[in-house]
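This document starts with two versions of one protein chain, written out as structure tokens and named structure 1 and structure 2.
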Structure 1
Amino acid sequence: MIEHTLLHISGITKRFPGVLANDRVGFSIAPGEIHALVGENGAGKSTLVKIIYGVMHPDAGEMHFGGAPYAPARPSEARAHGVGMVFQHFSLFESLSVAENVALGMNKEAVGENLDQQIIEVSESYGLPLDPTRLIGSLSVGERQRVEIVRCLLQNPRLLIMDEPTSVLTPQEVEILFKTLRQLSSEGCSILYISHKLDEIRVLCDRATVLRGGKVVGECDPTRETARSIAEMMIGGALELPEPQKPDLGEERLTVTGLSKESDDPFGVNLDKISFAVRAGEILGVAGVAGNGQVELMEVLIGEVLSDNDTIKIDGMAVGHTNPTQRRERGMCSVPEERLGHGAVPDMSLWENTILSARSHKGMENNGILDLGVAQGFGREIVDEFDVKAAGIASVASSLSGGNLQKFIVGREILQTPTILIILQPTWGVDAAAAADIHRSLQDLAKGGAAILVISQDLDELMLISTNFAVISEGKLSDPLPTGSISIEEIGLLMGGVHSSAGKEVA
């Protein structure tokens, strides 16, 4: 049995204060196998791969690698064994060059004389071309991921761990990645693949291990399952998906005309003559590869960065010069991409975090004095309605898992019943069941007459919920089109920067 197994783990248990993250987890991976690890947020996937990569250490259980006992004390030991990892939040350094980043991720002994040459050779032989001298900050997200992968490949890995690798890629980039992964697998390298995108797992993976609440609850051959059946194994119940809506659209609520803005950030994107309108009842989806102006657009729309007064109108009123609080008072709410530090204050409790954005809408303020009871009540309401898993409303925001904090922040904004909602990456890192909940509540909000702008990199999500659809690329926005009138392939081309005249022909 041993010679058919590259990695075998059994009884892995890891406890954090208050949570059992992994409870006697065991499975094995064969050489050359592409093995999926799926589960809801907080199911313990990230903890498990961190243990395999030596970032964390298990409280109990054992691992065997290539037949020998394996217990890496630190990542460099894991790398020496031939285990490589591509992180969900890239472990890259923006102000350093590609070659420097690669060198940092390799063990000292493994860095050869001619690193630049090696990078070029390996990256080209796997169809992932890279220039070793460029700064990471100037690369697109897809290119950044290449850096991470090439860094692993240079060390001739026997096992490559990938945590949510496709959430930031265009459909074309995903295809290139899959080709690379299949090539690796045919060369005998095993791959441990974590993703929320179940359709991709069905296409790519040979086997899947399903985790729920830190335990292995099943193993399956994903090619023989449907995305729905895998999702139901993950949540241990039936999955309710939102239905596409055909709403009646009302008045224009948010109008943007000729919006241009230069970015202050050296690696930022300049917005270039953006025009669009969102009407009551409409969900406008904006797709695009990360780093094409999404964050910049959001900042200008919600008033963190000011623009020419007439370029942004709420219900016909020019608001380009008003600050975020004034825009909130006009009915605009927002969910930023960055949860900790932008959407919520990490060290404040959940109920304190409600005060930040809901203080005027929920009447928490009376002549400058805060009514804490109202804030706590509102906090409890969010936790109940959106099924936020937290010890209580007094837990600090940073103690929640990413998906749960996201549910809390989205809930906080939606429950203020805004007339305009700007939302970035509504379901980033959120599992299927919670994502369906968030999508349904967005649809309900729109049905009630709100105008919603969803900026996301998840095309499936946008196709599912948005009434109209546009693509942002290098700070330019294509003309919005009704969802359904445009194919995934065409969107992929738009995302890659082939511009909006193509979109017009389709309309």
Structure 2
Amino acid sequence: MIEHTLLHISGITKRFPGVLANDRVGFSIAPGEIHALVGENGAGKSTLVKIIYGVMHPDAGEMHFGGAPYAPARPSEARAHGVGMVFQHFSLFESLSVAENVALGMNKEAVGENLDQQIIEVSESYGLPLDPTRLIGSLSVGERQRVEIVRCLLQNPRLLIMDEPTSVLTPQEVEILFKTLRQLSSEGCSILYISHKLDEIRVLCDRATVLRGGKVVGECDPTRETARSIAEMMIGGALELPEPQKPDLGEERLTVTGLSKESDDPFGVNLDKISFAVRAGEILGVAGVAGNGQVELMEVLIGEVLSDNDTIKIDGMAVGHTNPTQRRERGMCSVPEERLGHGAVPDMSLWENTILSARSHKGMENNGILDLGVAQGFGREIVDEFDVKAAGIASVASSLSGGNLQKFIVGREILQTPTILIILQPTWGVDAAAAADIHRSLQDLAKGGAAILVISQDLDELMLISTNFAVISEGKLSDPLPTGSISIEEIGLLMGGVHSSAGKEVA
């Protein structure tokens, strides 16, 4: 068996306090195979690929690479064997050039004398053209991912690991990426592909290994499965998907008029004359490629950055000069994109993290005195209602997988029953079942009269749950359109700042 595979792992076990992340995991990847690794949040996928890449070390089990024993002590050893990895969150320095970032992520012996020329040749040969002299801060998100991929390709990888590679790409950029991966596969490079977008796995991958609770529970040919059947293998039961809603819309709850704001970040995006309204019962979706003003828009809407007072109104009252706490007191809740450090304090427990945003809405304080029992009770409610996999509410936020922490933060905000909810990337890194639960919760909240603004790069998500949607590009927002009035392909062009015959030019 080992002789006929590139990577063979058996009995891989990894324990953390209170958690068995990997439980005797075993599977193999053939040369040139595109192999999917799928599973619920907390199933053990991230731990496993970190072991393969040398970031972590197993407690038990063994690996063979190219028929020889393989146990990298660090990522540089994995790279020396021919293993490359593109992480979900890029490891790039914005103030450095493409070439400088590429050099930092390569083993010294792999850096040639003329790195600039190597980058140009390799990037163009795989349809991922890059200018090695450009600063990372000037690149789009899709171009930044190219830098990560080209950095791996320059080291002639035999195995390329990709973690949620399409979460920040337009449909057009996804097609380019898939073409590159298929070319690599045809040249004999194996690819281990992790994604919660199961339709992508069906289109791209040759085989899939399914993890549940740290164990391998199955293997399948994705081309012979549906997205639903793969999801049900992951969760071990039936998957209930949300149905599109036809809501009854009420009064405008959040109105934004002529909002312009220069970013203090040298690599940030300036907001330019943004206007829209969200009514009670409405879910307004905002699509856009990352780095086009989504974060800046959210910061202004929730009060982390102030604006002219009359540009933002909650239930008709101007709030542009008010801070986040004051806006929360008027019924606004929010879920930021950055989970650790913004949505939650990494070294605080889950129940302590409830205090950050829910102390007023959930009655946790009285005359400046915190009621810790209420906070702990609310923490347990979130964990139970949103099926957060954690050792307990005393677990620190940083101990949770990304998807489980996302479920906790989303649950913390939704269970406060806000009248306005602003949420950025609601299901980023969340498995299919959890995403369906979050979508239903958003629909139920809107049905109860809340106005919801969902900012996401997942077009399928926006098409499923949004009443209306708009596109943000270079800090400008298109006019909202009814969901279903424009195709995903046309939305993708708008996201890239291209004219669309079906909708207004982003201007």
Partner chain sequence: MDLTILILQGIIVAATPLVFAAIGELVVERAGVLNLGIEGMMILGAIAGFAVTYDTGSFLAGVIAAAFAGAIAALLFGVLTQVLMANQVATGLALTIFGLGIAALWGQAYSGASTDALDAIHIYLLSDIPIIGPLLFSHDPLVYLSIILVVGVSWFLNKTRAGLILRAVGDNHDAAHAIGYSVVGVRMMALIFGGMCAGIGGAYLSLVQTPLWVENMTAGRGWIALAIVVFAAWRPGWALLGAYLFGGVTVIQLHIQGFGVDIDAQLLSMLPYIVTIVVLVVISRDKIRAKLNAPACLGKPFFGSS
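Structure 1 provides the reference sequence; residues are numbered from 1 along it. Take the two forms, superpose them, and find the largest set of C-alpha atoms that agree within 1.5 Å; that set is the rigid core. Keep in mind that this is a model prediction, so the values were computed, not measured.
The form predicted on its own corresponds to structure 2; structure 1 is the other form. Once the cores line up, the CA of G363 ends up 2 angstroms or more apart between the two structures. Superposition on the rigid core between the two structures places the CA atom of S398 2 Å or more away from its counterpart. After superposition on the rigid core, the Cα atom of S349 is displaced by 2 Å or more between the two structures.
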